[in-house]
Structures are given as structure tokens and as C-alpha cells.
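Next comes just one chain, in C-alpha cells: the form predicted on its own.
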């Protein structure tokens, strides 16, 4: 089996950083590049974070492209209370020696997808602004992308940013609306499954048996995240949404899926950013995505821990 070529569109972010590390530790995929987008911190900050994480893992040959710094319509919403001021919790990575590429993140998506039709798997784990802009600039990427994995939304689950809305979708619901209705082959990983996947203190302790800059980074970043989850959501441990989405690119059996018609509320009001599925097909519309609705959490966590242990042993 040839490895899948993936592009990560991301806003690192603690769990985004873990998704980057998982991609690097997974022989089933080749990380071609990263397009950074506003979200957990500003576009400039998350671009720096992406470069620093790649350097930490001896992977600074992978190009990083800075993308959109603002949502399409609504005002910006960053999340320092969840991810810390830098976006990486208590982790203190050195400033990257590498620089981002000159091209804009959305143009990089267009260029890669159009020059490798049917070969690029896009993994979008932040707000969808870069992807929406790319669709508007070059609609043919919709037919030419192999598949699109999106971490976002909460279907039957409550929101984690408003009572109804998940963070990535709430930050830029208008972009989510464009992407959801684009015709792209989407696999959605909503909070319904990611909130079952909790990275526990004992999982962290297992990783800390290996002395490595990788395990130190995971510890320093997730400690902040665990404190947030404990204080705001009474969760012991922390939810690592994004690595699970990345893992589905090569281990789909972690989840059970339903083909559903999913929409996102872009009306102003309490429902803004709410993602909902037409389970009974009231609207007689064809499903527009495959949605992960069931999960085997420890199957994913075991994979994640094994890969992180292996990566940590190669980097001292």
C-alpha cells in the first residue's frame, strides 16, 4: 500500500500539535505540507507553532503556509483560556529557525489539489476559512480532492463553545457552510465521538517513562489543557479531538459512520454555528457527508500512545 498524501489545514493548538506529531509518526501517511489558519491563536502565532513543532520532531523540511487570519463574516474568536496565550499551553518551544512559505495557505491547497488530482487527502482540523476561500477561488478542487476529513461540529452532542456549537464551526460558521455544501467527499468527526476519547493522566505517565523532547512537549502542553477540561467541563484528563481525525485517514475502523445530510446554522442568534443532521430525511436531500457517530476510544488511544512512544524514542 502506498502511503496517503495528506495536507493538514490546522490552527495549532494543543491537540492540533498532537495531530501533527501523529502524522509524522504514521508510516501510512506522508505529510506534504501544512496550511495554518486562525483559531486557537492568531494565524501568525499558529504558523510559528506549526514550524516549531516540526522542528521539535526533526521534520522542518515540511513546508508551512500561513493562511487566513479572520473568519469570513463574523468577528475573530481566539481561545487562550483553552490553549494558553501561545496556543500550546505550558510548552515553551524555541522560536523556529525555518520560515513559512510565501504563498498563502488557501493558494497552496489549490495548487496541490489541482496538480495531483485524486491524490490529496485534506485533513482540516481548525476553522474552515482557508478551505472555503480555496473553494471560492478554484471550485474545481471539489472534484479533484481525494477526500476531506473535518474535525468539527456537534451533532447530537452539546456544544463546547456555546450550548449548541462546537469551537471550529462556531469560529467560522459561514466557511463551514460553504465547505459542507460544496460537494467535497467529507468525513466529519464531531464532538459526538471526540469527546469519548480522553487522554488520561495515566496515559501521560506512560509516555513520560521515555525521556524525550517529544514527551516533555506532550506533558507541558496537555497539562494546561487538562486543567481547562477539569475546571470548565469536569473532565478528568483532556479531549484530543484532532489526532483522532488524523488517525481515521488510515484506521477508519476506530469509528462507526452514518451517511447524513448535515447543515450548519448561520442565522444570527443562539443557534449560530450549530451543526445538525437530518436523521429522518425530512428535507429529502441526499447525504452530503459521512459522519463518525460511534467510536472505540481506547483503540484510538492505544494507537496514539504507541506511535508517540516510537517517535519519542527516535528523538532525544
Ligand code: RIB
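None of these values were measured; they are calculated from a predicted model. Positions refer to the first chain, counted from 1.
Although it is not shown, the form predicted together with the named molecule is what the next lines describe.
Taken together, the three residues 40, 125 and 167 all come within 4.5 Å of the named molecule in the predicted complex, as judged by their closest heavy atom.
Of the candidate stretches 105 to 113, 234 to 242, 136 to 144, 69 to 77, only 234 to 242 has residues whose heavy atoms lie within 4.5 Å of the named molecule in the predicted complex. Taking the partner from elsewhere, residue 151 is found to have a heavy atom lying within 4.5 Å of the named molecule in the predicted complex. Put simply, residue 160 is close to the named molecule in the predicted complex: some heavy atom of it is within 4.5 Å. The named molecule in the predicted complex comes within 4.5 Å of no heavy atom belonging to residue 226. In the predicted complex, the named molecule sits beyond 4.5 Å of every heavy atom of residue 207. Interface residue among 91, 191, 187, 184, judged by heavy atoms within 4.5 Å of the named molecule in the predicted complex: 191.
Looking at 12 to 48, the residues that come within 4.5 Å of the named molecule in the predicted complex, counting any heavy atom, are 15, 16, 40.
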